[in-house]
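First, one chain by itself in structure tokens, the form predicted alone.
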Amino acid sequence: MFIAPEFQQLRDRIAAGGPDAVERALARGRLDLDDLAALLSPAAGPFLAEMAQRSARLTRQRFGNVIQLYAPLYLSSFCINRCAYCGFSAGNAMPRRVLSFEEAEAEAMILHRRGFSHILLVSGEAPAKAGVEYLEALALRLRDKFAAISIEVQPLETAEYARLFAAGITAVAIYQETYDQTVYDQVHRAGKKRDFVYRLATPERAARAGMREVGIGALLGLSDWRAEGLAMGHHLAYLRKAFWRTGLTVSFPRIRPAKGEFAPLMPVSERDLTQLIFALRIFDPDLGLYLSTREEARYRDGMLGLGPTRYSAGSCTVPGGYGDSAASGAQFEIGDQRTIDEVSRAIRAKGLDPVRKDWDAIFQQHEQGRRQAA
């Protein structure tokens, strides 16, 4: 089982890096965790242009011109946890809703008609409202209509993930939120999510169940982003070794305005986010990197071709919000309000190919890129 490194040790390791360590990291073909620490350090700041060039080159080698598009489908806003940063926190007074199967399928078909073939099913963590039985039944309804279905829900057991995989769900996103356990305990005030170790082991349970892809990440703004990045590097290295058949992805959510008015404890700038993305791309060239509609359109367009390979578009964080534009109770405010067609045009303007293919098609392009790079 993965054990998170002590957070202060991660900070110290990063602080020890200087320009020489950054230059060595950029000169190496295969990076180790010391190299990642150097690329995350303040000393790497002046090397951001060089990092961008290498990140872009590796992304093109591994993934070609492909940017995969997807949309989240929010199923429920009920949650048993009290997380300081989340609009769905049980402590917030807000409209709560769980979609019926018919309502969820209607929302899914709206996305289907808009051209999406990859959807991410999202819910607050309330198993009594949207548990395994609910997710399984919904997946069975949707699996013939979509090329790929992913989930971002409460942590589950291995047998439960295996059950969902058999129903047609092939990928799981489960974010630790922060690898800093002191801060983790501070912002997770009640509910099962308070169990840091149980959540940390969730990607392993999903991979062990046969999920084709597992995504990790940290909510940027809770603690030191540099140390969060190095912690993710440790986690990725462990998962690569233990579950080498499983595809891995990383998402980079920054805290957005939401019910509860939580302010970032340690704000993360766009430049900070950019350095983090480049560092992880260079450290692990095969990662799928997500850049969601939490970010503004200007920033997302600027990052096209430089590292991220998966973009959400036309997103709504309200259950039922695709069919009812007046629906209220969002998890957080969206940064990029553009439609899938508008995002696709921006991608094509950069000479890239916005695709709506399934996991296998993306994997084939990925493998072709790896062979060309070898």
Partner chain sequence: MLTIAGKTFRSRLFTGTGKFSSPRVMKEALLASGSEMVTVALRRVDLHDPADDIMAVLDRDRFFFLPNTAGARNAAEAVRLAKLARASGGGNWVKLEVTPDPRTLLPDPVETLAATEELVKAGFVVLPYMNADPILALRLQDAGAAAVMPLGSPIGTNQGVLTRFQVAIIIEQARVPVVVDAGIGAPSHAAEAMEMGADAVLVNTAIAVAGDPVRMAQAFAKAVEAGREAYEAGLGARRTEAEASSPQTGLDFLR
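Positions refer to the first chain, counted from 1. Bear in mind that the values here come from a model prediction, so they are computed numbers and not experimental data.
As for the form predicted in complex with its partner chain, it is not shown, yet the points below apply to it.
In the model of the complex, its partner chain lies farther than 4.5 Å from every heavy atom of Leu276. Shown alone here, Lys145 lies farther than 4.5 Å from its partner chain in the model of the complex, counting heavy atoms only. Although the partner is absent here, Lys241 is a contact residue: one of its heavy atoms lies within 4.5 angstroms of its partner chain in the model of the complex. For the chain shown alone, Arg113 is not a contact residue for its partner chain in the model of the complex, no non-hydrogen atom being within 4.5 angstroms. In summary, among the residues Asp324, Asp34, Asp341, Glu50, the only one with a non-hydrogen atom within 4.5 Å of its partner chain in the model of the complex is Glu50. Checked against its partner chain in the model of the complex, the residues Met303, Leu73, Ile169, Ile216 give one hit for a heavy atom within 4.5 Å, which is Met303.
None of 115-123, 190-198, 132-140, 294-302 except one has non-hydrogen atoms within 4.5 angstroms of its partner chain in the model of the complex; the exception is 294-302. Contacts to its partner chain in the model of the complex (heavy atom within 4.5 Å) from stretch 20-36: Leu26, Ala27, Arg28, Gly29, Arg30.
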